[in-house]
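What follows is one chain in structure tokens, specifically the form predicted alone.
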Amino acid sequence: MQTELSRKLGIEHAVFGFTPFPAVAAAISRAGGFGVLGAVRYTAPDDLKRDLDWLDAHAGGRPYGLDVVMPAKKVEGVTEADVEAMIPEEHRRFVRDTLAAHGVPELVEGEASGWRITGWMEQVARTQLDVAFDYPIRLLANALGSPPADIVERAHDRDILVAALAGSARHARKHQEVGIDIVVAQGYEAGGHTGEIATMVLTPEIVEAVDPLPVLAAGGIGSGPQVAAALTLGAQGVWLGSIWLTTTEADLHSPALTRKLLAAGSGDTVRSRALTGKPARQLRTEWTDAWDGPAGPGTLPMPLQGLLVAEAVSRIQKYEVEPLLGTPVGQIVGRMTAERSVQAVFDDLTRGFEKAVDRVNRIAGRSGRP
């Protein structure tokens, strides 16, 4: 699974794996892919430094990258307390009532929410990058579009490629205009924040729109034939996230959540604003149903929604309240039926890819005969 981009980065397979777990990122790189560590959950620079130290030591000398969630425009002087003050009491009451209806226990007094994500904030994201730029990362990806121009410049000064996710050809062209090196075409099927266009339609549109920039296909990809299809559509690699959640190296801290993922079908996800305020594909649960239903107060815009539900999500996860328990995941969850190592996933991808290519070659050979 070699392309011009994979050869440029010195990786064996054009498989880019996004994950919040350092052990998974390291295993992806060791398996011949390109591990990308998600930084959004790191609020303390020392925590990110610790995990980058570990990743650097366990990637086997192979390249790896970092994914941030950073707004393209600078937003300075806004504190977390300022944002918290914007949350209406009606929404806080809805959270309390929903948790009470399901008997969700409180956190222990003094225990901080483990899901309080503030990596989207300007000062937090920049602190993350101040740490990351001291490491030999080869790729910086931004999940909220193009990073600010000064961040792109800092990355390029360090010979780091910059990637940005796009849900439409229009967004992709904007990335190209500001000097992004790689566009990730993230289709509707993907886990997390997604647009409205399916991967099969989106990928060739973006490939044509930003040529000659390399494009990675994302969303609904978890098998070798799907990788082959993405490359056939013009992508120079694939961007996989959900498939790693049930690997043995992942650290979900929740056997109940792992069971739910393994049991879920491809139709058991929903694109909801319940988690962050932006449409994000995730497991459908009674929590998403409550927010999306007519009795709910409606979700708040990002970042208000994320801060509002942070403690609630931590409580649901800690006590494994199964009716409410969920996670961002794509429609590929239907293929995630057993726990496997990262290497086993790669073995399956490469075998399936080879079979798909052989099948296409046989078809092409027959079609060319008189």
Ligand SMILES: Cc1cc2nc3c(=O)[nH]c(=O)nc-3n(C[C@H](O)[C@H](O)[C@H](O)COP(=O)(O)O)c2cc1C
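All of these numbers come straight from a predicted model, not from anything done at the bench. Each residue number is its position in the shown sequence, starting from 1.
Separately, the form predicted together with the named molecule exists; it is not shown, and the next lines address it.
*Asks:* Classify G219 as contacting or not contacting the named molecule in the predicted bound form by the rule of any non-hydrogen atom within 4.5 angstroms, answering yes or no.
*Replies:* Contact with the named molecule, yes.
*Asks:* Would A143 count as touching the named molecule in the predicted bound form under a 4.5 Å heavy atom rule?
*Replies:* Within the cut-off, so yes.
*Asks:* I'd like to check something about F18: if you look in the predicted bound form, is any of its heavy atoms closer than or equal to 4.5 Å to a heavy atom of the named molecule?
*Replies:* Yes, F18 lies within 4.5 Å of the named molecule in the predicted bound form.
*Asks:* Might Q305 be said to contact the named molecule in the predicted bound form, defining contact as any heavy atom within 4.5 Å?
*Replies:* Outside the cut-off, so no.
*Asks:* If contact means any heavy atom within 4.5 Å, which of 27-35, 52-60, 324-332, 307-315 contacts the named molecule in the predicted bound form?
*Replies:* The contacting stretch here is 324-332.
*Asks:* From the list E286, E189, D268, E205, which entry has a heavy atom within 4.5 Å of the named molecule in the predicted bound form?
*Replies:* Here the answer is residue option E189.
*Asks:* Have a look at A132, A230, V162, L165 for me and say which one sits with a heavy atom within 4.5 Å of the named molecule in the predicted bound form.
*Replies:* By the 4.5 Å heavy-atom cutoff, the listed residue in contact is L165.
*Asks:* At a 4.5 angstroms cut-off on non-hydrogen atoms, which residues of 238-262 are near the named molecule in the predicted bound form? List them in order.
*Replies:* W239, L240, G241, S242, L245 sit within 4.5 Å of the partner.
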